[in-house]
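Given next, in structure tokens, is a single chain: the form predicted on its own.
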Amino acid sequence: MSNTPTGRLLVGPFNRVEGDLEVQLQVADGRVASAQVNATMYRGFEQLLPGRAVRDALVVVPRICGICSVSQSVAAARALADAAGVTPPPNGQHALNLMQACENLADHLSHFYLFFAPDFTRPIYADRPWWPEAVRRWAALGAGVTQGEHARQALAARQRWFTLMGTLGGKWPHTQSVQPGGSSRAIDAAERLRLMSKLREMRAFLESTLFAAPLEDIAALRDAAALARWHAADPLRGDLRFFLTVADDLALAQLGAGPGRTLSWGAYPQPDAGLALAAGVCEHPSASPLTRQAPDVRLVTEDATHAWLADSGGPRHPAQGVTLPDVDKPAAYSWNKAPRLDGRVVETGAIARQLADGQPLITDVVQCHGSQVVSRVLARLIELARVLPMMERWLGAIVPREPFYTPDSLPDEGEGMGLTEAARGALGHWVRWRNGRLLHYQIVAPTSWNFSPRDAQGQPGALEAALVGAPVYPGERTPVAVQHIVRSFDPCMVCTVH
């Protein structure tokens, strides 16, 4: 009798994930045949808000998440600013960008060292030649654990990095300095110098441990061939090269294919009204050239067909969306709705941002190998190398004693939309109020896009489709390939269920 795994497998709850996640797999002949992704928790922030004073949104909404609270704050502030017609002054815009970039880059660092890389230290890989080195660098931290040296260094670097937020916003998470008109926390000349020293501390860690090369050299890698030459020159030097060594051995580029379509709302607005990272929808079907176009937010819908949420009226734009629990709904299996763009599945995250911005290395890697486990991780690391120098420029552009905040006056009635990019991808808030009280608040978070259930047409979400074909080895109850794919999306389930 064959011992090839076949049948139903329930994986979860996942560790090293923010919130509760469960994946139901149908396995046939040692491969995942189909998957259902379940956000098992309901929170209901969208129902906490109606009836409250409009500015309460700036206090309540950041509590959605302890990882991306600044991004939630920025989206809320932009939605109110949209209705009020207010724009932050240059200093305020730079301060907001510095806060959001601080949070996003910290998330990329955490993802690589604390969430993703520890899977390579599992005993299932103990026969691989690189395993002892992986354990030395990336073993999960815990009581009595003496290895995981680079993970420990990354955690210390992350702690020092977040002291930026103390100066920029007073505290993290849930800073209250993010306002529709900019930042309520001015930065003086002495503080600007101290902040620059924090940026240089992080640059030193990245250039010594993660990349073992100057950030500018990493950002200048032009294509997959250049990356391969750089890797081959010293395959164990720095954690990016070592990751590529491990990824090549495990053929991770063949795992977790995305839908071939990515979405970014664009990141880090500039005083000239441009974006430091451009917005875009990129199509990259197999064996076809990549195309880019501007995203049309009017085409966003949320489909609740397979969510434990009311869905009368069918898919709705978030400006008209509802979030009402329906726990006995037939065929439902998640608390997550299914966001769609023009009725189609999209993937979001750092890979979407780098593709939308035309970053040449990520564009070439995706054209060669598609969006998959390696290209998702690589996009985050490239973003670290690109955005930190941007932060140095934004900080240098701040002019002490000039305004950081434009006073605003919210109308009694208003309707607005706030779009931004959290570390995990496209985030949108839609708000409406009357007589100074909130009537409507809807949120579409990055993991809602990536971890969506099926929609009315039966289309699986991005992760559900990416898991199909993943190998399941005899005896595995939590298949390691499934873990790699899930973590390559860097899920945040508390944001998903708001």
Partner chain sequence: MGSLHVLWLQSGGCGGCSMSLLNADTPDWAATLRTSGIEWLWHPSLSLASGEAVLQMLEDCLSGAQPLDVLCIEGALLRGPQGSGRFHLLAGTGVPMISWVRRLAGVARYVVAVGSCAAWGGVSGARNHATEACGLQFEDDQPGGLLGAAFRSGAGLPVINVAGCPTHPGWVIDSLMALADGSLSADDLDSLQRPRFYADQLVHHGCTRNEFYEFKASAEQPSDLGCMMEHMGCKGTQAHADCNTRLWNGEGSCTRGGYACISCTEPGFQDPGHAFDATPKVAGIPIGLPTDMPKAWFVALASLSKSATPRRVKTNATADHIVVPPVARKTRLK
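As the structure is a prediction and not an experimental result, all values here were calculated from the model. Residue numbers count along the first chain shown, from 1.
Same protein, other form: the form predicted together with the partner chain, not shown, and the subject of what follows.
Just to confirm the contact call: exactly one of 154-162, 272-280, 369-377, 259-267 touches the partner chain in the predicted complex at a 4.5 Å heavy atom cutoff, so which is it? Selected range: 154-162.
Since only the chain is shown here, I'm wondering whether residue 405 would be in contact with the partner chain in the predicted complex (any heavy atom pair within 4.5 Å). It does: once the partner chain is placed as it appears in the predicted complex, residue 405 has a heavy atom within 4.5 Å of it.
Is there any non-hydrogen atom of residue 465 lying within 4.5 Å of the partner chain in the predicted complex? It does not: once the partner chain is placed as it appears in the predicted complex, residue 465 has no heavy atom within 4.5 Å of it.
Just to confirm, residue 458 within 4.5 Å of the partner chain in the predicted complex by heavy atoms? Judged by the heavy-atom cut-off of 4.5 Å, residue 458 is well away from the partner chain in the predicted complex.
Is residue 126 close to the partner chain in the predicted complex, meaning a heavy atom pair under 4.5 Å apart or at it? So residue 126 does not count as contacting the partner chain.
Heavy atom within 4.5 Å of the partner chain in the predicted complex: which of 63, 440, 31, 434? In short, 63.
State the residue from 247, 224, 417, 114 whose non-hydrogen atoms include one within 4.5 Å of the partner chain in the predicted complex. Here the answer is residue option 114.
Which residues in 175-196 have a heavy atom within 4.5 Å of the partner chain in the predicted complex? Counting only heavy atoms within 4.5 Å of the partner chain in the predicted complex, the contacting residues of 175-196 are 175, 176, 177, 179, 183, 184, 185, 186, 194.
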